[in-house]
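The chain below stands alone, shown as structure tokens; this is the form predicted on its own.
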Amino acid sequence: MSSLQGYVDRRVLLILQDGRVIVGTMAGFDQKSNVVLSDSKERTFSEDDGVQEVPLGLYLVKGDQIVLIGEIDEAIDSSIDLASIRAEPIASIHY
């Protein structure tokens, strides 16, 4: 859990068990690894329409739903034309 402290106030990308991809600024977390994101957006992937971002605002993600958390390099991320990327949506995890 203490490793999440380094992500506070930084732009992060979360991949959730249901395949959703959420990008936002980590505002905080708790002992169960629940994460609060500010200025968050869900990135939806499509083979036809490219990547679209749906604004979510302040968003709470339950820790048991998080598969991956990674810091985003904002300079690289802002230089990518998301609309030109074609990809299948990430499948949900079944176990």
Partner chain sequence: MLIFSVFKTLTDQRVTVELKNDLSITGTLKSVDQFLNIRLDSIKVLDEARYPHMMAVKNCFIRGSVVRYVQLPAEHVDTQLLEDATRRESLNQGKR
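Residue numbers count along the first chain shown, from 1. What you see is a predicted model; the values in this text were computed from it and never measured.
Missing here is the form predicted together with its partner chain; even so, the following discussion is about that form.
Candidate site formed by 28, 39 and 58: none of these residues places a non-hydrogen atom within 4.5 angstroms of its partner chain in the predicted bound form. Shown alone here, residue 63 lies within 4.5 Å of its partner chain in the predicted bound form, counting heavy atoms only. In the predicted bound form, at least one heavy atom of residue 67 sits within 4.5 Å of a heavy atom of its partner chain. Taking the partner from elsewhere, residue 83 is found to have every heavy atom lying beyond 4.5 Å of its partner chain in the predicted bound form. Its partner chain in the predicted bound form comes within 4.5 Å of no heavy atom belonging to residue 9. Of all the residues from 32-46, those having a non-hydrogen atom no more than 4.5 Å from its partner chain in the predicted bound form are 32, 33, 45.
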